[in-house]
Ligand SMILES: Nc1ncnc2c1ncn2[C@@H]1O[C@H](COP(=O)(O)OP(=O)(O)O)[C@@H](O)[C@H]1O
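Given as structure tokens, the chain that follows is alone and in the form predicted alone.
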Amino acid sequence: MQVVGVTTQQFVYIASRERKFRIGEILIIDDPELHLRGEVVETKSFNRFLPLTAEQSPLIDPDVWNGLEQVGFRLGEETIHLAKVRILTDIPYPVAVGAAVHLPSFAEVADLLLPCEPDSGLVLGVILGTEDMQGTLPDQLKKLAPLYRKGEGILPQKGVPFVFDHKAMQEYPHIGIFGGSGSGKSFGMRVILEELMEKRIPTLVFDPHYEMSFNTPFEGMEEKTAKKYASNTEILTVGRETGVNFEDLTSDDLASLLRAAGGNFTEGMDNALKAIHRPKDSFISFSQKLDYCIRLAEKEEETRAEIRKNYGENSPFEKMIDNMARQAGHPSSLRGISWRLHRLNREGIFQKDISAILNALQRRRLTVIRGPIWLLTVFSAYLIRKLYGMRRDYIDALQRGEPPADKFPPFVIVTDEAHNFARKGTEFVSPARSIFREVAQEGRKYGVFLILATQRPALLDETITAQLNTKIIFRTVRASDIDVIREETDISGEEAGRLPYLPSGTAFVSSAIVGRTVSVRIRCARTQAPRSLNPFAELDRDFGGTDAELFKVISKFLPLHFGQITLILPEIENALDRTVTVDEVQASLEALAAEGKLEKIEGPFGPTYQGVNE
């Protein structure tokens, strides 16, 4: 391998007869004075069967073409492998043409590929293009990141492990995970969560797909590893194990929740809410006041009679309701508040509090919050604001030299379907968008970080996207999403062109922490989501076996005349342990006959069914 053609201080071309080049691999350029390292950014191979003209080779300018001949390559007669290489350091003058090039040992490029020791970072996979360094890796780096390939199972690590220095997020915060369906995005997020648990970093995960449990070991992985992760995970469902303590809500908190519950939360509703709500209101007391205000506007005499019956004539309560009703304005605003309030209450959100979440994060556990996506967006707006406020108050008190508020740890917020939590534009404003924006812009100062996964980066709020200093990009097909990725990362045009064709589990990592875009094969996860039954298998098991069961029972009564169905119906019901109608048996007999499992013989008094070849 040697340098050919015209060189600059940024790029050189390297040619080889023997070896094909890989995108992303590191090469050592043995310039007599500089001794440089470079990264392959484009590759091309030529042979005598392909036309060799500079005009047909956009990678090569005529000077490079001429340079190949000058250093002894026989164009049109032999195979030539060519790479465009980006120099990874600033140099005072161009590289010498003809300089030899060699593949590095791990020691020669360790500082480029391994930003920190594996024990101090997150081991996420293997750097593609480093396979040739496997033999020179230290033993302690050789078995950290086994890989998985569908159809082949778990494969040994081959190449340098990709270790992400999460501690550098203090300077370059937040991670975005982008990729379409089946790209490996969820698999990659699971690997990151496993690594966060290894480091015992308090993590809050919003799980709209009910996938983020860690009880099931990945096939071929040790069961004890899954047990370790499971014991470090707290899984809570909104409305069952966690929720909002109504008495802790301020008027602004309650307005935020109601705004998120659906529809257009008007200024009139906001004013009405603040006219009625008081600090320390319980759900019952607030809903009762709200109900009296609505009824007072619609059925004044009946409502006043009820209030006086319960609270006495000219009671302070009646005066309070009168005053609230006057300030609240039109009853339509009150009804808008009421249906939102009761929608949330039906979901059980006001039946619990966040104490279980606080306890889990204090114990440095991975805390998974489950629920339907609309409810998670509502709850996350409240919860993140609450937790972020606790962390901020604690750090601000320390910085002011005051006795700190309740001690609260730094933590990471993780969610899939991030575009539903923080969608861009004004047409649909997620209730959680403002707090996600605040954390994206200010969170690093307080030790609060985001990991946001989405299939649609083009729909994610631009302010938040711009703050994601590390982007892990899996297979992406939509042109609008690829355009956003190109604008927000340093991936090359060729890398962007490869995005729709990336194999599942392969990603480009564009990170200010790494300093360049790296192609990574994500390691095999140690756990997997609980296996759901294939829907087509479910169809056969739960919905497709009726005729088979019925056929097994009916076989005892063959040949069977249509008129005998009523007589044997009790025995069929007893055998199947369920209610069966004559019409169901008749329809099943017809279907079995059509499938050729029974023979149907027409007669003057109706058909008779018998076994085939009887």
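Residue numbers here begin at 1 and follow the sequence given. Nothing here was measured: the structure is a model prediction, and the numbers come from that model.
This protein has a second form, the form predicted in complex with the named molecule, left out of what is shown; the following refers to that one.
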{"property": "Gly176: touches the named molecule in the predicted bound form, heavy atom cutoff 4.5 angstroms", "result": "no"}
{"property": "In the predicted bound form, Ser181 touching the named molecule (heavy atom, 4.5 Å)", "result": "yes"}
{"property": "is_contact(Gln351, the named molecule) in the predicted bound form, heavy atom dist at most 4.5 Å", "result": "no"}
{"property": "Proximity of Lys150 to the named molecule in the predicted bound form, heavy atoms at 4.5 Å", "result": "yes"}
{"property": "The unique member of Thr470, Ser430, Ser186, Thr517 whose heavy atoms fall within 4.5 Å of the named molecule in the predicted bound form", "result": "Ser186"}
{"property": "Partner-contacting position among Lys289, Arg444, Arg521, Lys84 - heavy atom within 4.5 Å of the named molecule in the predicted bound form", "result": "Arg521"}
{"property": "Interface stretch in the predicted bound form with the named molecule - options 309-317, 155-163, 498-506, 393-401, non-hydrogen atom within 4.5 Å", "result": "498-506"}
